[in-house]
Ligand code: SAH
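Just one chain is shown here, as structure tokens, and it is the form predicted on its own.
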């Protein structure tokens, strides 16, 4: 279970140079924020930031924006970045935002993102909450507005019911599957460049198959 309240977390986040404090002022300005014209990738629901920081270290020519709605969880990612910087492992291509995923079109301009990652998203199992699921058609519509024409969404989960739902939503919304697997770690080709999240490492160690798709318009 994620901790939702840690005393002082919002104050630490508010002082961090890694956190964008007024993201609604940034549509169309992300390349200016990073000081380069590199592609911009976003992870929605980034958790403690392991996946994002590992990706940023491996791909210094890509800018990464992590989105997380819980202050207590984002705090851990900020602390990780500060620890890395103190050890000389500064990652200038990482920024964080504390926000609800529904607001993504308020902080990125049209076609401003090259790729979106959805890693082990909340399944919202009750049917009446289907539109809250990050791979739902409602969210796909939002992603379509901020992704470039050839932009890609990558989604990973160990929840087969959520994955089946996500695949159906893509088809209904007219998205095209570039890659699709129901057992990522058994696919040598796809697993070759796979970067694991904290959840992925835990779930796969328990023997749970990891599902993944990569889709585009």
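Residue numbers count along the first chain shown, from 1. Keep in mind that what you see is a predicted model, and the values were worked out from it rather than measured.
Keep in mind the form predicted in complex with the ligand is missing from the figure; the text below concerns it.
Among 140, 113, 101, 94, the residue placing a heavy atom within 4.5 Å of the ligand in the predicted complex is 101. Annotated contacts: 33, 64 and 90 are all free of the ligand in the predicted complex [non-hydrogen atom within 4.5 angstroms].
You can rule out all but one of 165 to 173, 184 to 192, 144 to 152, 42 to 50: in the predicted complex, only 42 to 50 has residues with a heavy atom within 4.5 Å of the ligand. When the ligand is considered in the predicted complex, residue 69 lines it closely, a heavy atom lying within 4.5 Å. Heavy atoms of residue 134 reach within 4.5 Å of the ligand in the predicted complex, making it an interface residue. When the ligand is considered in the predicted complex, residue 107 lies well away from it, no heavy atom lying within 4.5 Å. With a 4.5 Å cutoff on heavy atoms, residue 9 does not count as touching the ligand in the predicted complex; it lies far away. Contacts to the ligand in the predicted complex (heavy atom within 4.5 Å) from stretch 120 to 157: 120, 122, 134.
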